[in-house]
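Just the one chain here, the form predicted on its own, laid out as structure tokens.
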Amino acid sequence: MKLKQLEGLLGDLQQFSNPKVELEQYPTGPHIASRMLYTAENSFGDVSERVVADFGCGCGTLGIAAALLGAEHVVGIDVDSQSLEIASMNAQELEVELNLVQCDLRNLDFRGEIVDTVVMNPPFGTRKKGADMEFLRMALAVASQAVYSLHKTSTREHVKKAALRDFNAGSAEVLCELRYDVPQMYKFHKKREVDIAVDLWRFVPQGA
């Protein structure tokens, strides 16, 4: 599947109807999502015929992108039941299979090497300090091959140090810097849209 085709399909997905600020729910736009998964597959072979988990899957954009690119099995995990309902509808609309699980990631208990690749757009940690690092810690504990994740460019050194020193990553590489458009979704937003610089990271667990 070509990148433009993937972006077009993701652009039609339904997004949060009633976003929850405490969960930092922002839609992962089709531009970023398509490039993230397309890079994971075409540069590294981390999607096709792999078991892929989408952590904090929200409305399912990243997981659906993985399914469209030929993942063997996709698991979407989120604490919010309303988001999972939207993700289920989105998957049905595009006729792809997502295994959706309602769970707090901190309580996740995968045993053995079940998941090859984790993809995620974690909370930036602006409402709940350290939420982004909690996602990364769990992802590196679960993935056997690679983790793809978005983090604010301003946190680059902190993310790299934590991954390599604290979370058992064998390597941590910024693949590219992207612009993340945050739409005006909450009352405290003063501007119609805010443009945030984010890094697309690829982390490889030690021993992978």
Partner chain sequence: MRLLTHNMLSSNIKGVTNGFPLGIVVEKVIEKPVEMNPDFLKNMFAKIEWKALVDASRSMGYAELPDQVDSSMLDSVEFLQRFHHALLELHLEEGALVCPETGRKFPVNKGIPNMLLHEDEV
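What you see is a predicted model, and the numbers here were worked out from it, not measured in a lab. Positions refer to the first chain, counted from 1.
Separately, the form predicted in complex with the partner chain exists; it is not shown, and the next lines address it.
In summary, the region of this chain contacting the partner chain in the model of the complex, judged by heavy atoms within 4.5 Å and restricted to 65-73, 151-159, 166-174, 29-37, corresponds to 65-73. In the model of the complex, no heavy atom of Leu178 sits within 4.5 Å of the partner chain. The partner chain is not drawn, but in the model of the complex it has no heavy atom within 4.5 Å of Glu134. Although the partner is absent here, Val79 lies within 4.5 Å of the partner chain in the model of the complex, judged by heavy atoms.
In the model of the complex, the partner chain sits beyond 4.5 Å of every heavy atom of Leu94.
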